[in-house]
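Here are two versions of the same chain, shown separately as structure tokens and labelled structure 1 and structure 2.
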Structure 1
Amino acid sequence: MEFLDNLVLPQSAEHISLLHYMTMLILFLFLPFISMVLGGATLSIFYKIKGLKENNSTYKQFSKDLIEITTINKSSGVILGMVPILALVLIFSQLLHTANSPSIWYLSVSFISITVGLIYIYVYRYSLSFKDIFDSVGSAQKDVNHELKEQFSSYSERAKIVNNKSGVWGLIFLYLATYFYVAGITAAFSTETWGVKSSILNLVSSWEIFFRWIHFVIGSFILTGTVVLFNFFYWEGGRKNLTQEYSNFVRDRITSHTLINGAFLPIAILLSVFALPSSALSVNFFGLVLIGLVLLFIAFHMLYDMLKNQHTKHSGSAFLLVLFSLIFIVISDQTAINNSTKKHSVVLAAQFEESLVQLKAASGGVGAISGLEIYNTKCAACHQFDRKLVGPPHKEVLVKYEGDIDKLVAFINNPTKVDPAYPPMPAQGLKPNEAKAVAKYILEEVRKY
């Protein structure tokens, strides 16, 4: 993204470390939300299809509950889904300024497909309710005329088509978006990808990105599972209007889904950690990953207990443990980015110092332009370079100041009587840096004569 690179100025060391903290904060908002939507939408669509095939109303209800819990509401899609990833694009274009990392490209693609994906998913969510409304109205009105009934069934049919399509497209875009998101973060770690022309080929052929993405997807399902349990059985004391049968169904389904995913997680984490470049690794990094894993392990233990002993007591704590483990994973990711961009940050900070010096020089006023300006307004009325005016021609009198600009500055600030053939020169009331600028200008200019 060259145009972003051109917009960005080099940053100071303090600013860079601030950017790292901001990235972490943004990920705390973004990751839980997008994981939840990904997991929730996948499970919802899975159970919807299953419900239609087997004509099972429990599955259909479950599908609706899943998508309602995990997408929260429309504005959260914007605040927790779209805004954070856009902010990431801007932050990374500062952190990786002039590094030519493909990271910013990937994150921008991710932003676009997240936007499209979320729109589809929210259409899916709301059309699911519409379809139900049309269905129930259509079937409840037994004695209304035939025409009206027809109309309702055609609305319901259309809502169904919208619903099916938007769900599937939403999933496609969300999976694509998360792949690009993971690729963007991974490219920030992998200094060897910087400056290399990236193509779709090295995007899909990178094991590093692939393993990390699998890790992400599995993590999403685990988080989604505990969020659903939390919502059903813990939040505000748990849902009151559940039938025992449905409540058991939700508990058993969700705990077993989550545990199956959990079984794959350690392998996914190991593979994704070992696929990382050594520049990204550090003792801190391993420590953080380890803490994250231990928390997950305790959470799985609780879920297993709930499944085996048929209760929902741990719904709250399992969710919190998974959330904390996610936080540790985010911090470990951030540590890895920090480790691998360390060198680059030093380069950026040095560039910043340099541009600061240049900026000061430009505004400090020893440039030729301001010297010329001052000369034209303050001196040219009495002086020319090669001709006598009120004062002597510069080419005659400046010889003695050659190589001694300070002496000339002193004269301009405070003219003393020199040549009896001329009247004394009045002081021009210049500021010290103005006097210096004009002295520099006339000394350079006089060489042309």
Structure 2
Amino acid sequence: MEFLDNLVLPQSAEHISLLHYMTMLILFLFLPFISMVLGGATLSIFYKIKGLKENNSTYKQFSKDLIEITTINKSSGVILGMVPILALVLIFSQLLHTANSPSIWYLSVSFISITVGLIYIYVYRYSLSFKDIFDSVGSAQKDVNHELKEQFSSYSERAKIVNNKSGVWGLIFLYLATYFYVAGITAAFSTETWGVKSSILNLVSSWEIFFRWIHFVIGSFILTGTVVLFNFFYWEGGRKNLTQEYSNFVRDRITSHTLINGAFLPIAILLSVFALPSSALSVNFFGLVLIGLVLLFIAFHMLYDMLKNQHTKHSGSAFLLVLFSLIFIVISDQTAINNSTKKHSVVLAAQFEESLVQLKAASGGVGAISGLEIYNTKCAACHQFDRKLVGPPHKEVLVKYEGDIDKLVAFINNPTKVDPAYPPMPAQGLKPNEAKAVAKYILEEVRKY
């Protein structure tokens, strides 16, 4: 996006490294949250529809619990959902400055879609509660007049309509947002897409993006499952007000969903890895992916044990293992981006150094250049202020230049042999403003002796 390119300043090599670390920290917050919301909202709407069709109160309650657990609260949607993806847009604008990569455009669309999707999902969450309240109050007021009952019924019906529409639209925008997010990250890997005009056809037909998105969706359901188990059975000692029947239902359903998705995850990871260009791959990358797979294998073993032996004692450990696995996957992705953009980062760093030199030259002022730094680099090896070294001490020879800095600058630029007792001073190759800076420093400093 051209307007972002115009806002970006050249980056030093240190700044570029810092941006990579910032990206990892942002993704540590963003990915777990958006994965939970995506998986939780999908399962919530699925069980809500199932509960309405079968008139099953357990399904309806489970639907409500799922969306409340995974969306946390409205503030989380802003802090963990919207702000991080906006920060990623700005960071990638700097990392891929002048690369003309479609990554920035994809991430910008993802930010807009996530914002809209989260608004719809939170409307879905709270309208689900409002509908239950209206239904409960309306059915409890048996002695009220018919008009009031009609009013409660009307409110309940409106809440139902809002709930149905917001849930569906929320999921549409979230799935769209995650696809564009994956496309943005994939485009950062794929240097061959830089400079190529992006189109919807390229986006939809890219098997690299599709495989990585499937990997993302499957991972979202796995993380959601372990989060729900963690919340129900481990956090603060587990929920105490659950009936045994509902507790068994949650354990069996969520564990089954998670294991089914887990069966496909290794294949999805391998396909997404094979989709990466060779420039993104390295020993470190494969090592991080392997660690993530090992952690997932242990977590799935625990979940299978929970389902087989009908217990919940591994719910906390399984969640932590899946979370750490996600962290290693994030680091591996960032390693791949770093590998792919290494040459471009060198170009950006060189542009930074060049712009810095041009800025100093354009300023033409002494203050822009350190006289002390030039003195230590060029002069200190042969000169001291108060004692003889290769050349004479400054305090003995600089008296004739007092009040005439231009004369000293001329000598520094074109030195001549003055005292036969000392060897001739070689030309230092300084620019005019550099010579003036060091001359000013010497004349100011010699007054101290």
Ligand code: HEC
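Values in this document were obtained by computation on a predicted structure and should not be read as measured data. We call the rigid core the largest set of C-alpha positions that still match within 1.5 Å between the two forms. Here, a residue number simply tells you its place in the sequence of structure 1, counted from 1.
Pick one: is 1 or 2 the form predicted together with heme C? Looking at both copies of the chain, structure 1 is the one that matches the description.
Hey, does residue 395 budge by 2 Å or more at the Cα between structures 1 and 2 once the core is superposed? Result for residue 395: yes, a 2 Å-plus shift.
Would you say residue 375 moves between structures 1 and 2, meaning its CA shifts by 2 Å or more once the core is fitted? After core superposition, the displacement of the residue 375 C-alpha between structures 1 and 2 reaches the 2 Å mark, so yes.
Large Cα shift (2 Å or above) at residue 17 between structures 1 and 2, core-fitted: No, shifts by less than 2 Å.
Report, in Å with one decimal, the C-alpha displacement of residue 434 between structures 1 and 2 after core superposition. That residue's C-alpha is offset by 12.9 Å.
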